[in-house]
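Here you get one chain, nothing else, as structure tokens; it is the form predicted alone.
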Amino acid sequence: MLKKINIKLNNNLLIILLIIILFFTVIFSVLLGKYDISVIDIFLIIRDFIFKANSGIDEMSKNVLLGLRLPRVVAALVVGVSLSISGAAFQGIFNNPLVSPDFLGVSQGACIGAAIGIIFSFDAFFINVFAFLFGILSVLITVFISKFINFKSNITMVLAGIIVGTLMSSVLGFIKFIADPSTELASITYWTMGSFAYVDTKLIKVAVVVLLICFIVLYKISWKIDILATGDEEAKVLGLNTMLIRNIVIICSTLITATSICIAGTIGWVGLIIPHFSRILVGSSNKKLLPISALSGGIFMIIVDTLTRIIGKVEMPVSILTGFIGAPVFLLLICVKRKK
């Protein structure tokens, strides 16, 4: 009993520690930039915004904080949390440490949708709508192929995802080939590389609602995901409806991944390395893993986005930096796990 209480306390302390780290990460992120804003001004601007007061802060500082930096930080937080939760859930139900949020083809499909929207000169709203719909469509095609093959194995879904992802990448390549090199091609390439430079506050609000609903659902069935990770046969013996649980996880994870892609484009490595890092901290129990992954992913994404803003004279696409950081970190995590 004492051991269980100690483990639970350690997990709670870790959550509190990560929340504190997240708070200071947000503060430092909104502080850093080409336009200087003091810490006191940040709190005064936020207080004025909430309570409709006036502390005499200049309008430029208010516009930079409330119109640019704060929405961007919130967007990075939402995307980091979404990708990390999705990656952890997928790795759990498929019992595969190499699974990431986009392995069912959602990222490739979303890129095609966005590319089509750019080709037809749609505005940002409809580009995001097309990206979301095509991301969902790609996952549906993956599931259909898996059902059509009718192999009762997790590897079937993974292979179907590889097939659909490769096909969608080829379609995206064809769209790039026919796009106008001077305008459309540049926009498509930049969108697919991921960025928080242009965030839609309305879309962020929708993403927060979707994220909260899906997280609650995944957290409620986290113990079932643990059982499913032991294998379908063992789960069925324990009376678990494996098909239903797997479909719920796929739906929730796909929704939050597709929504996050609409916010910032495709961003790799986050949903792969953060769940591995979190497992080192709290183990493989999804009841502990999901909240720790969410907090860790949010912190990581905010730090990466901040670095893209302050490194160099021109802002770097997010996926470039996540690749530079993700590959060596993933190698380090593998080495740590091997030693354990």
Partner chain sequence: MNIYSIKNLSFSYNSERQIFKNANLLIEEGKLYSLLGKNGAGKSTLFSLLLNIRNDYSGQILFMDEEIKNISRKRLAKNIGFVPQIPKLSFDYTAKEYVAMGLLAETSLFTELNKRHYELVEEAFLKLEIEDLMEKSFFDLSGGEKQLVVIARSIVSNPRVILFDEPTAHLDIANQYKVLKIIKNLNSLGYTIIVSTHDPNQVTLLNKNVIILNGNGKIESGKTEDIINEENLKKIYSSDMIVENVKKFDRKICFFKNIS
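Positions refer to the first chain, counted from 1. Worth saying up front: this structure is predicted, and the values here are computed from it rather than measured.
Separately, the form predicted together with the partner chain exists; it is not shown, and the next lines address it.
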From the list 247, 189, 95, 166, which entry has a heavy atom within 4.5 Å of the partner chain in the predicted bound form?
-> 95
Checking 47, 62, 287, 309 against the partner chain in the predicted bound form, the residue with a non-hydrogen atom inside 4.5 angstroms turns out to be 287
Touches the partner chain in the predicted bound form: residue 180 (any heavy atom, 4.5 Å) | no
Considering only heavy atoms, tell me if residue 220 and the partner chain come within 4.5 Å of each other in the predicted bound form.
-> yes
Heavy atoms within 4.5 Å of the partner chain in the predicted bound form: does residue 239 have any?
-> yes
Just to confirm, residue 227 within 4.5 Å of the partner chain in the predicted bound form by heavy atoms?
-> yes
Partner-facing stretch of 53-61, 26-34, 279-287, 297-305, counted where any non-hydrogen atom is within 4.5 angstroms of the partner chain in the predicted bound form | 279-287
